[in-house]
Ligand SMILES: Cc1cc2nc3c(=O)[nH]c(=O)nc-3n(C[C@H](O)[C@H](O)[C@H](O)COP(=O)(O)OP(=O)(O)OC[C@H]3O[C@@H](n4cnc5c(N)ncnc54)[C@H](O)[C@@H]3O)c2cc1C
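Next up: a single chain in structure tokens, the form predicted on its own.
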């Protein structure tokens, strides 16, 4: 059988179900023009993906294979390739665009889906009546009962014959015209960006570092200056490491007596959100419950997007995002709460802003997290619970190290000042704005707004 191996969210050679397919194979990667056309030329993620794809190509060559690189609309590319192949093999992807794209490709060529991106298959963790869970804790408890050694299995590479093709150029599909270009970022319309040193680490290097931190993960992960997280989110997003390898690594840590449950729980949460988006695709843009659609306010939105809200912890998180494409998870919750509750802006706007900038952007995790913050989603945070950015700063950034790192104009200001809203309103700080909303007043307004909607 002759197969196309479509690499997407599995950009690695090790433990990859695509490389367990026998016969004659044609490994490909597509720079999807439908996605790339919406991005600026300096998007950091494209640099990361390009570098990763280039590395994957080299690794495939070392095992007697190669990687054909395309740029264009995937259905157009498969239309040109289909007659030479029996099927396409790819790992599942569950956001609405991916599902519709794959549906179109499946009409051209038999589609052999592989389960690789998440721990469980889409219909593996269901209630007794075969409906999806809507609350995480029951999902988690059921997932633990279903978790077995098969979820840890290593998928070995098999012997494959490489399809004869021109692999040393980029095949560009545009307006029914196919051209051959140099394999470069410039050929797909992007400019190389500088990545952080953490983003340049290999997954194994990150695991080695995390092994020194995981024993304290449960206590330290929320403290912004401790850098206690795994740094693996971008690797899991693009599949530079398999979820099974991470689980096997956790098993090794557990045998050392380390409590791995808190991190394992986060991995299951990732599955929970992916399964929800699969079963309820309308959640990409619509609320699961309530009619909290926010209030359009372009002045607030512009201040938010430019990290000029006057709330130090919020601006620090936004600066981190704009500079590095990353944001600490605790800060993501603080920022999203401030956006949806204190600014009363539509969560869809915030989700789109994160989607534009996050290096590890994952549709299901981002969308469902924003709905959680807004109180409109599945298993929602109650709408009346609002994060106080100042008390959050005092607890999780008590020395102000995180704030001052990303908002240097505050570097000489006492943290006691930066977590005191009254003082922030009372005194002018050079080159830094006063808060655009008062926390207490805006929280009261939010509660009144939400209450008026639920009473209708």
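Positions refer to the first chain, counted from 1. Just so we're clear, the structure is a prediction, and the values are computed from it rather than from any experiment.
Not pictured, yet referred to below: the form predicted together with this ligand.
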query	finding
Contact test, all of 403, 405 and 419, partner this ligand in the predicted bound form, heavy atom 4.5 Å	no
The unique member of 214, 386, 343, 358 whose heavy atoms fall within 4.5 Å of this ligand in the predicted bound form	358
Single option in 115, 106, 297, 233 placed near this ligand in the predicted bound form, where near means a heavy atom within 4.5 Å	233
Segment assignment from 175-183, 321-329, 87-95, 68-76: heavy atom within 4.5 Å of this ligand in the predicted bound form	321-329
Interface membership of residue 333, this ligand in the predicted bound form, 4.5 Å heavy atom rule	yes
Residue 266 within 4.5 Å of this ligand in the predicted bound form, heavy atoms	yes
This ligand contact in the predicted bound form: residue 354, any heavy atom under 4.5 Å	yes
Contact flag, residue 273 vs this ligand in the predicted bound form, heavy atom cut 4.5 Å	yes
